[in-house]
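One chain follows as C-alpha cells, the form predicted on its own.
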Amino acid sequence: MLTPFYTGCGAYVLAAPKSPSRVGARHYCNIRPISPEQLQVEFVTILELSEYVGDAGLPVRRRVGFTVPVSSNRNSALASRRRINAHGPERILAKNPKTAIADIQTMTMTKNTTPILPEAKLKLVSAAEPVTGVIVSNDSCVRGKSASFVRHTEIDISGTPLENNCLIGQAFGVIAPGKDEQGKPHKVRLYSLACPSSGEDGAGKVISTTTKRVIEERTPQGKGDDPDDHRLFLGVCSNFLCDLRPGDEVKVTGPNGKRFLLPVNRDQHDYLFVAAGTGIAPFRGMIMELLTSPAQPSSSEIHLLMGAPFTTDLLYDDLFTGLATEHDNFHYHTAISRETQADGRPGLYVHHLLDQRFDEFSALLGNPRTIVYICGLAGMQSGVFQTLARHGVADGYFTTKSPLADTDPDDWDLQKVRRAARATERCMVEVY
C-alpha cells in the first residue's frame, strides 16, 4: 500500500494553468530508509509559476512524495532511483493522483518482489580438517524397480560445526576413503542438501542428500585414452555413500553455496521448481520447509516439474503425491521422457511439458512474485530458457546479449545459452 505524504504547500499533484509562464522547474527524487521494511521515496518537481504568487510575493513551489514498501538497503535505493529517473519524475507528477500512484507501484514492483536471501554460513568445516558424521539411514527413494540406484542418505552431524548451520539449497562435502590413481587422497565431492534447514530431525542434527550410484562403461576422455577400453567404471564417492549402513562413519565438510536458497520473505513469493533426476534433492527440502515446517504452512503457489526417463525412476514420488493431496497450493507435475504419453504422443522432457501445458503456468510465470529454480542437467536450463522466451515471459528471469538476443528462441542451443544468457535474481540455477 502506498501512503501519500505532503510537503511544501501540500499539493497532491501539480496543477498548473494550461499555458503557465514558468520562471523555472527542477525535478529530482530523494530516497531514504524510514524502517526495515520501507523507503520514503520523494518524487519532486518544483515549479515556479508566475501566475501563482504567494503572500511574500514569491512564486509558489509545490512538491509531492510517497512512502513505498521495499527492502531498505543501499542497492534497493539505487535501483529505485534509477527506475524513477528513467521514467522522469516530471511526467509522473503531471498526472492525477491515482495514475501517479499506479506508475510508482509499477516502478517499485521489481524491487518489492526481488527475493531477499538469508545470510548463509560457508565452509565452517574445511577439507583439510573434515568432521565425522554417522549414517542414520540409507534407503532407496525411487518409485519402483529402476535401472538406476538412488538412495536417500541421512547423516548425523551432531556435535560438529555443521549442526544447525546448514540452509536448504546449500551443499555439503564428502571425502571418500582411500587414494586416487595418482596416489593422492580423494577430493571433496559436493552433495545438495535434501532436507529442510532444520534437518531431518527438526533440530539441525541430521542432514540428508540424494545419492545416485555411478555405473558406466569407460569411454575415451582424452587423447591418450585407449578407445578399446570398455571396462566398467564405478563412481568413487557416490558408490561409497550408497554402500554405507546405519552406524557407519563418513568424513564431511561445508556448508557450501550462498545463492540457491529460499528467500527470507517466503510468503511474498510463488515458486516454480524444475528438476530432473537427482536435481530433485534441494527441492525436496525446500518444499518440505515451505509446507511441513512447524510454523504455519506457506500459502504461496508452489509448482514442481519433475523429469525422469521412466515412471519407476521418479524420486520421492510418494512424498510429493501426498503433499499435493494435502495442500491445494502445491502442484506436482511429472515429465517422463522414455514412455509414451496416455494420449499416444511420445515422451517429453520438463521443458516440453512446460511448453505443451503453458496455459497452466502462464499466470504463475507472469507474476512478478514468482521465483524459478532449476536443478539438474545443463541441457534442461537451455530448454526452460527457450520455452520462457518463446512464450514471452523471459523478462524477470534472465537477460540475453547478442547474438542470442537477436536469435529466434527455436534456434538457441546449450552453448549459446551458456555464453549469452544470465539468470536474474528471480531465477536460481544449479546445473551440471
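Residue positions are given as counts along the sequence shown, with the first one as 1. Worth saying up front: this structure is predicted, and the values here are computed from it rather than measured.
Missing here is the form predicted together with a small molecule; even so, the following discussion is about that form.
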For the small molecule in the model of the complex, the stretch among 336-344, 140-148, 233-241, 120-128 with residues bearing a heavy atom within 4.5 Å is 233-241
So which of 253, 210, 114, 197 reaches within 4.5 angstroms of the small molecule in the model of the complex, heavy atom to heavy atom? 210
Partner-free chain; cross-checking the small molecule in the model of the complex, the single residue of 357, 218, 258, 179 with a heavy atom within 4.5 Å is 218
When the contact criterion is heavy atoms within 4.5 Å, does residue 281 count as touching the small molecule in the model of the complex? yes
Do residue 214 and the small molecule share at least one heavy atom pair within 4.5 Å in the model of the complex? yes
Look up in the model of the complex whether residue 189 has a non-hydrogen atom within 4.5 angstroms of the small molecule, and give yes or no. yes
The small molecule contact in the model of the complex: residue 425, any heavy atom under 4.5 Å: no
